[in-house]
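There is one chain below, alone, in structure tokens, taken in the form predicted on its own.
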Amino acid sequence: MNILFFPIRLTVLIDLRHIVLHMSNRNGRIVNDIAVMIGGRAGDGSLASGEILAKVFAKMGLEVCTIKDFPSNIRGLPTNYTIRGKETLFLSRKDHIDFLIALDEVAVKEHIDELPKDGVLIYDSSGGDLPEDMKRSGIHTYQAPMEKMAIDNLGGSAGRIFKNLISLGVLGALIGLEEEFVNETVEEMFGRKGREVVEKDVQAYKMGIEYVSKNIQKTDPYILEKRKKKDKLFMMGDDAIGLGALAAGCRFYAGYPITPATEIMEWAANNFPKYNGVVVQTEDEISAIHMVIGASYCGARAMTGTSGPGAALMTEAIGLAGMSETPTVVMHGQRAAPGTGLPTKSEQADIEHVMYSTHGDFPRIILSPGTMEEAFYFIGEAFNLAERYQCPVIFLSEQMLCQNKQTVDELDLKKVKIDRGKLLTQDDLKKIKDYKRYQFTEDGISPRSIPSLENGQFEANSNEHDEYGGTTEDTKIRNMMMRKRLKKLEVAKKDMIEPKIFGDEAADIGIIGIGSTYGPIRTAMEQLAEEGLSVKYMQIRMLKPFPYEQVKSFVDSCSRIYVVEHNATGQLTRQILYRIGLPENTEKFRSILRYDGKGFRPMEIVEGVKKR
């Protein structure tokens, strides 16, 4: 099967022969490097217009990434969608935005100061001109009564939603969006709603173009130019996880909707059935994890996805998976907590939760991807590790990676290997006279059978057990069984996904991070190098088993270590210090923290390194 021919595939245009370093200044123009924020209120179409713009950027040949910042309610509160497009590959968001499309005054108040000199404000002046106290010198300001135009021409008050397409028309006329690609994308996204909706969207876009031609004189330097085609994928992290799970043989997904994991279930529901897969939306997270354990017990590759509140409900069942030695994969997408917290924002404050949650001692493995590609490949490895070591595997991600989108190179299915560990076939069982599901073995891993196989029956429950699975409280067996299970984690070190190190190996200033801090850290390193400051960066990609030797060596080679993480208390820092045996107050370590639910800008990391 060729699973890359799913709806997430886009054709992207690029021609490396036309690359211009930094893409700036041909006759004062800034070409093919632009970050656009569309700000409005939830429900007014700003996120939909951002999605259209991102896809059009991709079709015009740009590398694209998005940052979706939306509230937890359905309508009314401020929301924004930032789309960055650049002709050459880049690693993170910009430190600023170049264009702000403000569909109301609130968007101006909140984001006007993110525009640099020569930045552009496109303002919906339906309620009047931009107030004087909101204007900024050095900013190119264009005004258009977009909502009024939509109401007057596209169906009265019900037509105001089309102001988002009018705003894209204004932007398109200013920077040179290909109208053909806009129309094509509108058809792809809204065709199912009927011809009338599509035609009004197209009409609204043209109205924006016409308004610019009659009323606005372009003064800003930004321009887009179309390039030649190159196949790319444009996908969010949850898409990559779903696709990677399918490619790795996962055929059962059970979950309860929760940000930022819901899109995995939606993706799976659309695609798993095509390959004899099953998706179940359960009544709660407790049901979901138990269904996954049951499906895995029966021989299926199965997973669930959740976030902090749901993971809290799953903790007892994860202990069941540990005790019964049932392979179990859980995608834990971190969001800003505790409680409900900021349910649609990003954070890395569940590190200690996944390291220690549930009662009792048992082995678990924890992976942490930092890119879309790693999300795809690591979820496949999560299934291999779960079956190889017959234990729970936590796939630790976060909202910043799960729900944002990016163009990525075509994924290589040949790299996806399936290893089911010591899973016995019927032929294997025929050769075994006395099958012991929990047999004591040198590596701690016992041969595994699945129901219905002759000679492979065994008892599985949450109690301590003997080699056959029978409940026991015998102290000798208990001690032997505990040592057997815990030995797996030692053995698993040979399959560790090792940290990656970037930068100047001779540098004595080090940065450490996990997950979505990858892109901002890499970009910050480039900025620091331009200022003459050499640093190196370790990306930790597996938290358990912890890469002790690699982290210890990296720390020992540095005079200063900066740990960049999205939480308020330095949870990753504490893990590092504890694992390598340093006191918590060591002077070598400094934390660069952000915990407002938003992602790091590279300049924040640069400033953190320079001022300490």
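The numbering used is simple: start at 1 and walk along the sequence shown. Given the structure is predicted, the values throughout are model-derived calculations rather than measurements.
Separately, the form predicted together with another copy of the chain exists; it is not shown, and the next lines address it.
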Query raised in the report: Quick check: do 546, 567 and 582 each get a heavy atom within 4.5 Å of another copy of the chain in the predicted bound form?
Result: yes
Requested in this report: Name the stretch, out of 146 to 154, 305 to 313, 123 to 131, 97 to 105, where some heavy atom lies within 4.5 Å of another copy of the chain in the predicted bound form.
Outcome: 305 to 313
Report summary line: Students should find that, of 200, 111, 485, 206, the residue having a non-hydrogen atom no more than 4.5 angstroms from another copy of the chain in the predicted bound form is 485
Report task. Answer with one of 161, 445, 174, 323: the residue that has a non-hydrogen atom within 4.5 Å of another copy of the chain in the predicted bound form. Result -> 323
Query raised in the report: Does another copy of the chain get within 4.5 angstroms of any non-hydrogen atom of residue 88 in the predicted bound form?
Result: no
Query raised in the report: Going by a heavy atom distance of 4.5 Å, is residue 141 a contact of another copy of the chain in the predicted bound form?
Result: no
Requested in this report: Classify residue 119 as contacting or not contacting another copy of the chain in the predicted bound form by the rule of any non-hydrogen atom within 4.5 angstroms, answering yes or no.
Outcome: no
Query raised in the report: Is residue 345 close enough to another copy of the chain in the predicted bound form to count, meaning some heavy atom within 4.5 Å?
Result: yes
Report summary line: Within 339 to 367, the residues having any heavy atom within 4.5 Å of another copy of the chain in the predicted bound form are 339, 340, 341, 342, 343, 344, 345, 347, 349, 350, 352, 353, 356, 357, 358, 359, 360, 361, 362, 363
